[in-house]
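Next up is one chain by itself, shown in structure tokens, the form predicted alone.
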């Protein structure tokens, strides 16, 4: 059997106008669908520039409940029109709590559910703990028209436990919306290669394809600036990068996988057969 799936990652720069950003991401999703993609991964928090460079209480006013969220509604309609699966990253408000949330939209426009980012970074230029509660959703996989998808968000991608849990729960493909770039304390530090290699390790260790979508462009805040380094990529089930974007350009990248063939390889390789979870208790302690 063959279940062929073309996946895409879209990459762009974010401007100060929400409508412009949303329209640009929609344009790129349409381009990806026109190239045969059945799943299109968009960057993290693409509605606006990355405000977490600074601590400013005014930014709490940007959070919106998922019910009636205009960007979620727009991309649900787009997903149904194009018959594609589209995960959308938004700033969610739920009562007095605010979350960095990934919403999974199926190819018929159905909102299948949400994942709230579990690992929240806190450092110069990436002060997310000020704005986001730690996610309370647990790790989530979705049965979509494109297959069983496991999704997490940006800083989650540095933790191999996330990828392993998602695949143990049945994920056939992993995706990571991302906003990552330069390090304000030392702009000469370039983590792009490290970033890619860590996620390629998730793909290879779990024998699943992986899609990461980043933004690009220089964004200046009140306290610092970050130059997001693009470099979105798609890795195959061995961890090899099979499609990659430039550092400084708006792009759509695609790759096609036979999910049934990948599943056979995953089973034959034996890493899930030979696991010894009774030995891994140390992982559950600080």
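Residue numbers count along the first chain shown, from 1. All values derive from a computational prediction rather than experimental measurement.
Just so you know, the form predicted together with a further copy of the same chain exists too; it's not on screen, but the next bit is about it.
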query: Option touching a further copy of the same chain, based on a heavy atom within 4.5 Å in the predicted complex, out of 187, 113, 109, 201; finding: 201
query: Non-hydrogen atom contact residue 238 with a further copy of the same chain in the predicted complex at 4.5 angstroms; finding: yes
query: Heavy atom of residue 2 within 4.5 Å of a further copy of the same chain in the predicted complex; finding: no
query: 4.5 Å heavy atom contact, residue 271 to a further copy of the same chain in the predicted complex; finding: yes
query: Heavy atom of residue 98 within 4.5 Å of a further copy of the same chain in the predicted complex; finding: no
query: Site check 160, 168 and 207: each within 4.5 Å of a further copy of the same chain in the predicted complex by heavy atom; finding: yes
query: Partner-proximal stretch of 72-80, 120-128, 86-94, 100-108 relative to a further copy of the same chain in the predicted complex, 4.5 angstroms, heavy atom; finding: 120-128
query: In the predicted complex, residues of 2-18 near a further copy of the same chain [heavy atom within 4.5 Å]; finding: none
